[in-house]
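Quick heads-up: it's one chain on its own, the form predicted on its own, in structure tokens.
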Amino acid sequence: MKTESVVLIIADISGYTRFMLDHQKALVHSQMVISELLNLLVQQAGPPLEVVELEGDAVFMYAAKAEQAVARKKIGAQLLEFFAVFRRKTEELQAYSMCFCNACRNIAKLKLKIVVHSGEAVFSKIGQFNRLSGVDVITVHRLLKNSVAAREYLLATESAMADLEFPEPLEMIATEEAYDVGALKTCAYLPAAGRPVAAHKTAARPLFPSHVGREILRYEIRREYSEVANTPGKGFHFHTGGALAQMLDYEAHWCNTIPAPAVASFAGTGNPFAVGEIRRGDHVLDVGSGAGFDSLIAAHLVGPSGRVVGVDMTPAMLHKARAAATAAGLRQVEFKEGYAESLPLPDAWADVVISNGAINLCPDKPAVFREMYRVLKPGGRLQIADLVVRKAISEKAKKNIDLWTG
């Protein structure tokens, strides 16, 4: 153990607590958004700041006290930059939000609070992590409960202000906070709202510029199609099962040949076998293979000398497809978890790539087609059945997650 003089910092995200008691969708989406923002703060916390740990919706950091003014000024600049990057990210996430749950509708209401205190900390090593303890560590945590009425602020104790310099003079409000550790003289800085970031209005920007936007969509798609896998008879706003296969002009014997569970959870939009022949010995990739109906048909067509790989991102569908392949005794087919935008196959592997009703669910369609082209052999074929629109889709419709997930 050792004791060091440090500047202690906690960056805390506020605004989502009330959604923790909301319905499941808001709870899950709020945690995905918070994770994205916490990751942003951690990435922003470069030297001389060191992250100690994540504490719920907060990041606990420290920096060694610096004698040089340039080092003190760097810490001050980093603290102000936290507010700037946080605001830009929440504006971006809100602009591209596709969901109308309480969490997604209120991303812009998330705010950042930063508290800073200087003093002594006892360092102990637990594995690869530093653990900080002592009265001053307790004090900086107490500062999160304060009298500042604003929801976005920087609150620094008198001792912290002596160890910080900012790139420009800040308008600070003198305050005093009383705790069980004693009264503390503090200064509060309230960041100006500033002008909203307008970059997200540029037409050239992708529909899903952030990781969390894609993951929220994928989460909802998995949730929807897990129900198709687990309760296929429930009834959905799209057709499923053997009746759908008949509607799409599949040869009738396939519904009797393929194991019934895979047939029951079939949810395609067309018949990829109607546009080209699958030959004995072919290597076939099924993108968005679901419960395995099309993959198992392809496995019968390619025979023991061929290979079929189905790729899907929904574990419940993969489980059902693998069970059906085992029941059918088809060793030439396997199912892999993955995304259409990053297929888990080598270049030039497939003679034929099939896909049925999956590409419309993918947020980055150009990436999907690039991946299909990558894994396709020269002279190979794409046999795709999917939804086609005959007129432009409105921006409002593009940002409605319920229209994407079905």
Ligand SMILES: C[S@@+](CC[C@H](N)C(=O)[O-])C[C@H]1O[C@@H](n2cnc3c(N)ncnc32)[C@H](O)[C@@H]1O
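Residue positions are given as counts along the sequence shown, with the first one as 1. Small disclaimer: the values here were computed from a predicted structure and weren't measured.
FYI, the form predicted in complex with this ligand isn't displayed, but the following is about it.
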query	finding
Location of this ligand contact in the predicted complex, chosen stretch of 150-158, 72-80, 273-281, 286-294 [non-hydrogen atom, 4.5 Å]	286-294
Interface residue in the predicted complex among V59, V352, L37, L361, criterion: non-hydrogen atom within 4.5 angstroms of this ligand	L361
Heavy atom within 4.5 Å of this ligand in the predicted complex - the one residue of A95, A328, I221, C255 that qualifies	I221
Residue contact check: L164 to this ligand in the predicted complex, 4.5 Å heavy atom	no
4.5 Å heavy atom contact, G268 to this ligand in the predicted complex	yes
In the predicted complex, V137 touching this ligand (heavy atom, 4.5 Å)	no
Any non-hydrogen atom of G380 within 4.5 angstroms of this ligand in the predicted complex	no
Within 4.5 Å of this ligand in the predicted complex: residues from 314-348 (heavy atom criterion)	T314, M317, G338, Y339, A340, E341
